[in-house]
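Single chain ahead, written as structure tokens, the form predicted alone.
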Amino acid sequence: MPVLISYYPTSELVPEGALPDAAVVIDVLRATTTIAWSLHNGAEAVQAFADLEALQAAADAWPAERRLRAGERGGARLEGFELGNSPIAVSPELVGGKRIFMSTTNGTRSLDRVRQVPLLLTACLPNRGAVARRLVERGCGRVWIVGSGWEGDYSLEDSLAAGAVASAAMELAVAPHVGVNFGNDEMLAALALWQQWRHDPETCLRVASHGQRLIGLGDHDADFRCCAAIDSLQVVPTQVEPGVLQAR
């Protein structure tokens, strides 16, 4: 059965009604990249929150030696939190064996929006191939890719990654009676964007409005390189209970 993939650039655009078989949340700069690297480097789980008070209450209930709080608003780390939203900060020495309680400007809101979907994954450019493989292997018939945008607005880099995931799924779903169809024009546009920038994704991230925002905050060259590293990870962050992501 062909996979039908639709793309919604922000959580606000996700339709009401019947849920798909799977949802893939993307926040390239930088929440889902940070989630993937955290789990790759040995974090026990990443627990995502849209609300900071709920995050603090959950973190307070967890043993202090096995928790880290990761918080970002407007691209900058929240005061008092151990981590911001940088994938290069989540070293194995720091995150190994710990649960990360995370809230970001955009990505955690998108996760919250689709938390009831049976199979919920997060994707970024580094793990786009692994995520596409999981979708095809699970035989998902209907998939929503959900971007995080920026405070409700369209995001170029999330659309690039949506196209990257769809492109990888197309390459994998080539057996008889399997293929990929697209459920909306937004998905087709994201695929075209990926075809345009696939040989130089880092430049796309840098010229995007959020990339420009990060550049204005300081030196994020290492973050850009990390976020643009296509297929450098095999980890697939998967929701195991509402809001809790583990490596699967």
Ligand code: 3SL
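Because the structure is a prediction, the values reported are computed rather than measured. Start at 1 with the first residue shown and count on from there.
Although not depicted, the form predicted together with the ligand is the subject of the following passage.
Of the heavy atoms in Trp150, some are within 4.5 Å of the ligand in the predicted complex.
With a 4.5 Å cutoff on heavy atoms, Asn127 does not count as touching the ligand in the predicted complex; it lies far away. Among heavy atoms of Thr122, none comes within 4.5 Å of the ligand in the predicted complex. The ligand is not drawn, but in the predicted complex it has a heavy atom within 4.5 Å of Leu214. Listed stretches are 103 to 111, 134 to 142, 162 to 170, 89 to 97; the contact stretch with the ligand in the predicted complex is 103 to 111, by a heavy atom cutoff of 4.5 Å. Shown here without its partner, the chain carries Glu72, Gly75 and Asn85, all of which come within 4.5 Å of the ligand in the predicted complex through at least one heavy atom. In sequence order, Leu29, Arg30, Ala31 are the residues of 29 to 43 having a heavy atom within 4.5 Å of the ligand in the predicted complex; the partner itself is omitted from this view.
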